[in-house]
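What follows is one chain in structure tokens, specifically the form predicted alone.
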């Protein structure tokens, strides 16, 4: 089931989509909480810099029953999402659209994908393995990961800014937002796109080379 909220987060993401669509080759916005910090300049004077929220260190089991960490994504940009294999609502559409992006950039070593299951009861690595194989993306480039409820849910809501929860009244037992979250090489959120909306998925596809170009300048 798709989760909708009245808090400003969806508006923030929608605004980012609009901004990025107007920027062409310019830099993408940096999303999420930020704070001003005092820094010492090279000439000894004091200045102010902006400290952005980043994705913290993590350690999860992947579809091959191997622990992976954020080290696997060093010097990469990646698209992250939250799903579960028995989802019959938004997940199939999300991953069908995500696979189209995967196919477009599958030969680019700087682009990866990270899908976190929110079904901590059923989606063990062997289940994720079958899911990846059925989707046709089983390999190191697209990681499907399993972790405890606490570790995955906190990471989703506090760091990726994606709402997830168990709900026994929901059709499949869980509800979550369908954002595809674009992360840069500095672990910052640079965009979030509704994975069920073709126009937003198309925008994500266009924003990937914009983000890659930042490190080439």
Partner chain sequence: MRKLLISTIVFCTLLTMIYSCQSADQVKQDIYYTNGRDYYIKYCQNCHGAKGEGLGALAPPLTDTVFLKENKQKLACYIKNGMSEAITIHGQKYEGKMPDFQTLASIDIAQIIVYITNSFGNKQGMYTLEQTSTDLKNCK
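Everything numeric in this text was worked out from a predicted model, so none of it was measured. Residue numbers count along the first chain shown, from 1.
Although not depicted, the form predicted in complex with its partner chain is the subject of the following passage.
Every residue of the trio 92, 131 and 135 has some heavy atom no more than 4.5 Å from its partner chain in the predicted complex.
Looking at residue 96, you'd find a heavy atom of it within 4.5 angstroms of its partner chain in the predicted complex. Interface residue remark: residue 88 is counted as part of the site for its partner chain in the predicted complex, having a heavy atom within 4.5 Å. Interface membership of residue 171, defined by any non-hydrogen atom within 4.5 Å of its partner chain in the predicted complex, is confirmed.
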